[in-house]
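In structure tokens, one chain follows: the form predicted on its own.
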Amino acid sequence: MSIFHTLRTLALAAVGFGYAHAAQPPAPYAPLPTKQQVDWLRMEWYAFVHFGLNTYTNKEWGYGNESPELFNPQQFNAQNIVDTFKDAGMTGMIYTAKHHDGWCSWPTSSTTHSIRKSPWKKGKGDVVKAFAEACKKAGIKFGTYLSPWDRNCAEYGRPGYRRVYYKQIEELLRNYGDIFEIWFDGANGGDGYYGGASGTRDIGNADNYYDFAQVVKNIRRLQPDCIIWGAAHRGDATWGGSEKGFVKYPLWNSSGQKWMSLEGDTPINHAGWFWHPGQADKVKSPEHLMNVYLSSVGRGANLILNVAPNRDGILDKADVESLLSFGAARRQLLEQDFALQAEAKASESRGPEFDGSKVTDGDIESYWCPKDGSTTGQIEIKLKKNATFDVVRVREQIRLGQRVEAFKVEAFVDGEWRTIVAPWNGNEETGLESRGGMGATIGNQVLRWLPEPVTTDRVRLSITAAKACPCISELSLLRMPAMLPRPAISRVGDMVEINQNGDYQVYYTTNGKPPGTDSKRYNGPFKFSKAGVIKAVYVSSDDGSVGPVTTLNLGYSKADWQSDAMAAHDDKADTIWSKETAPASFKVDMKKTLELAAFSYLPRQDSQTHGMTDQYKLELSADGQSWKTAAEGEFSNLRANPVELKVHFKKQKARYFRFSSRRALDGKASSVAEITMFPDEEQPRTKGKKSKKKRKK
């Protein structure tokens, strides 16, 4: 059934209830979403799963020369992972079948660089199949990610690679059932292994090189209902613009004359997209995830949340706990709508079948709409009794196009109408949601978290500007469940500080054990000069409930370090060491001989990429004269995800280190926000066999 047939059926159904002359729906306002795009937007959020050779090499972007024998997840159970997503309320998952390293996690005939060479299941395994079957059994949708860039393939950058890539697309879309979305990343060309001829491949215009017009045709032929992400904007959905999970607001679903849906994406863990050693202390809290949700889904986009299995093939406990806690909070937020079945009266409507009652009837397809030519209007709703809410949700009937430019919401409190969501004032929201926010675009939906709860039985929605007569399908009043936040921990020099909140008590540990009310109570900054782990929690003063744990994995104290690059080791993320040259380096005297096994690099955090270190070298010295290379390589994905990156190396003793920025991401320059040195800890696995070293749980 076509969209227009559906809408006309909804309108004419009123005749059966006694209306002799049913009003007609308004003319569509282009661009219009396809049925597939509407269905996709109503999924709201689903999982991203990065799991492959990078899981075993501690890299985000593999170079392409990694051995397939590394992949050997002894405890991998796709059903357990998918069931966790289902329990959290996720509607699907997308698996990275091939990342930039070119390794294929299914038994492809397009390359020998695949799971066939893995010791897992003696080369007979198929991760794509395992996830696809698990999703089908769990009743959620399955999608796949296939990187256009291939740092392993000898043909990459040449015409012959197109045949390889098309073959991979066909295998994934033909052999694993229904695919609800296929993801094409935007990383294209650069350094790589390329079949042993290590070097740089430049493909020029990606749209021309891959011939995405033909790619889209191939996909439509194989899977006509599949949402295509990316493909040089020839697909159905595109990036929201930040790997922190938010999309900019106002949000218009348009690309020229075409409807283009947006997707916010972020990993549940600050460590990156693939699993990394020691990432348990970097998981995002349920409260943080709620802010991500409100800043993506709550602005009219979808959210794809990455949850990465570890080297055993299972999800980290800390990730699962946060995911399920957020999922429960989201479910609680949405399960009670105080506006449902409320009495509603509109300033005008085009007929009884489009009157104000349609915004509170619980039917997402019905909608209020004024007469043609009206681009403003009001709906006042009267609740059955007073209700206390702090989240307002509004939806448009997007099958007829996106129309609303600005709106406001008022509540009748203490005998007067008070604005609780102000109309858009022309400023953009460009970060994670905080309480408040203005009423601009609506689209699929908009969620506004109010600064304070409101108690009333009367609410008024006013459309203050629209491109065509508005079509509003829902007005909902919701209550955000209580979620204890995480305390922030920081150290400058030898002094540790934990931020305090008047509503909570703070308890902490310095021995790595989970804190509780039997731990030390925080009363102010304290000295902690060694490397180690500090954990802290908030405890509610009202009911004693304990919030999520904050973990800070501290390297060696930098209090006594000396160099001519103090900004690179002052424990302040907002200061940077920089040089307008690349390569460039600096030397640090740590003032004592330390046992070292890892270092971390924090790129600049000021939203600028100029001089970010793309390729690095770390050297160690006992005397400051004779140097030995401890680690060298590249930092990947900095532009989109500038997080702290940790590099492990063979344990050794040194008093001095020299960090070299060998190549910059942007510009002929070098920059560092922070360098931190760490003692011995879990090492990345370097062989496909199980490590003999006992690994941390």
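Position 1 is the first residue in the sequence shown; the rest follow in order. Only a predicted model underlies this, so the values are computations on that prediction, with no experimental measurement involved.
Keep in mind the form predicted in complex with a small molecule is missing from the figure; the text below concerns it.
*So which of 236, 243, 405, 353 gets a non-hydrogen atom within 4.5 Å of the small molecule in the predicted bound form?*
Comparing distances to the small molecule in the predicted bound form, the residue within 4.5 Å is 243.
*asked:* Using a 4.5 Å heavy atom cut-off, which residue among 180, 145, 338, 508 comes into contact with the small molecule in the predicted bound form?
replied: Going through each option in turn, the one that passes is 145.
*Taking the partner as it appears in the predicted bound form, which of 265 to 273, 361 to 369, 448 to 456, 152 to 160 has residues with heavy atoms within 4.5 Å of the small molecule?*
Stretch 265 to 273 is the one.
*At the 4.5 Å heavy atom threshold, is residue 646 in contact with the small molecule in the predicted bound form?*
Output for residue 646 is no: heavy atoms all beyond 4.5 Å of the small molecule.
*Applying a 4.5 Å heavy atom distance criterion, does residue 656 contact the small molecule in the predicted bound form?*
The answer is no: residue 656 has no heavy atom within 4.5 Å of the small molecule.
*in the predicted bound form, does residue 63 have a heavy atom within 4.5 Å of the small molecule?*
No, residue 63 is distant from the partner.
*Would residue 637 count as touching the small molecule in the predicted bound form under a 4.5 Å heavy atom rule?*
Residue 637 belongs to the contact set for the small molecule.
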